[in-house]
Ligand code: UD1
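For reference, the chain that follows is the form predicted on its own, supplied as structure tokens.
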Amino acid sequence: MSNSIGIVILAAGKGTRMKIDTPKALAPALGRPLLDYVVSASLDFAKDCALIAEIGVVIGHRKELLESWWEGHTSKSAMKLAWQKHQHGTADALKACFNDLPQFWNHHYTLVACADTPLLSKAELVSLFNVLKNDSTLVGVAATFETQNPTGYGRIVTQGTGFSIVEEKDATEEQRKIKEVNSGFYILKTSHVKTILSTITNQNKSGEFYLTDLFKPAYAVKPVRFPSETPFLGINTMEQLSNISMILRDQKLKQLFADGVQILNPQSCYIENNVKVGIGTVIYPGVTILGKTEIGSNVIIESGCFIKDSTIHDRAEILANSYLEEAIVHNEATIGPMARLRPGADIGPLAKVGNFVEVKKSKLGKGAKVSHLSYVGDAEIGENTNIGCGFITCNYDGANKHKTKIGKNTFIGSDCQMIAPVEIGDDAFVAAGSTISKSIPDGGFSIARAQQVIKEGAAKRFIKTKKT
């Protein structure tokens, strides 16, 4: 079909210079694997150009990790995996794709992309494709750019009306001075690939099979020079990963500004790519927001907060130095300062979790308050219930976790412990300093503490003084 394209993403590399144990394609940049960025750009490009697309990801080093990535990917249905058993060059990688995924020969076009270029957008791919689409005489196009430091890149060598790509190891001293270089992104008619791919040899200084041999003066191919090298910047070192992550961070911040988010000191904040933030939200300096976090409108997030994979609804307040992980905070709730919400914390509308309070796998109802120095684990606390200072749910017996359930409109005094499993009813009252091990019915009052004893004049027996 003339409107179909096979998108081959080369992701078999080790990332040796990065000194990581995972495939380079899975190295994270602003919270997403490098490969994710290229997959997204490729699918967006195909959609914009009304192309029927199928992605083939060529894997190699630690392939089991890439298989796991693929299993959990939202675009899994549009992707297939091919295995390059031994890394013998880019042409060998493309052969591996066609060997494992022979249906790719049926696509009219073939796009070859690198997995380590997270700054790539659909715009570059659309521009590249349009050059090939609009000239019926061409069989392939290669994206190129000029750079002041061409070291490591293949050089674009023009020969008459044609051109070739000469890898640096094979280039002459004169050719190495050329500033126009190969990006590693190509779109070709699949018929050309089928004709030439099997003829490529490894007769070069690297002893590898070069995909660039698809581009020779004898073929109807064309270099397409882009005005900036930035979209095609690849990653080979941790320093490059850091530099490109900074660019991605700046892009993310610009997007949030455009969405109506106020970030008081953007250079001090780290907000990952997948984070969503609603209009009118204010983010103070020194905030870290990670993963799949979603933040609603008109939320306040004060300095020093760390938020990961959490959902925060409209008009909530996350006060200074609070830590949230896999938590839910509903409308107009207040968290902190210096509170910790662990996975499974679900804080209801208008509820309050105060300073030095830790909540784990627990649900607080609307208007419930746990204001100071408390631990709430494996619990349910009903609407408008007030928990005093120093409260603890004793949820763990050394082998198993047990649940505490407290009803609505109940008052729990300071320094109380709930020995789970236990239930406290609605409209109940627990006196300060009580250790509760039995359930309390609705409207019940409970006090569980030893009787106070006073012995006049006996204090001197217990007060120690320093010897002079």
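Start at 1 and count along the sequence shown; that's the residue number. If you're wondering where the values come from, they're calculated on a predicted model, not measured in any experiment.
One more form of this protein should be noted, the form predicted in complex with this ligand, which is absent from this view; the next part is about it.
Of the candidate stretches 252-260, 340-348, 208-216, 385-393, only 208-216 contains residues with a heavy atom within 4.5 Å of this ligand in the predicted bound form.
Contact annotation: residue 193 falls outside 4.5 Å of this ligand in the predicted bound form, judged by heavy atom distances. In the predicted bound form, this ligand lies within 4.5 Å of some heavy atom of residue 114.
Of the heavy atoms in residue 377, none are within 4.5 Å of this ligand in the predicted bound form. Among heavy atoms of residue 322, none comes within 4.5 Å of this ligand in the predicted bound form.
For the residues 367, 140, 354, 89, the 4.5 Å heavy atom test against this ligand in the predicted bound form is passed only by 89. Shown without its partner, this chain lists 311, 273, 245, 182 as candidates; in the predicted bound form, only 182 has a non-hydrogen atom within 4.5 angstroms of this ligand. For the candidate spot formed by 31, 281 and 316, no residue has a non-hydrogen atom within 4.5 angstroms of this ligand in the predicted bound form. With contact defined as any non-hydrogen atom lying within 4.5 angstroms of this ligand in the predicted bound form, 236 is the only contacting residue in 214-248.
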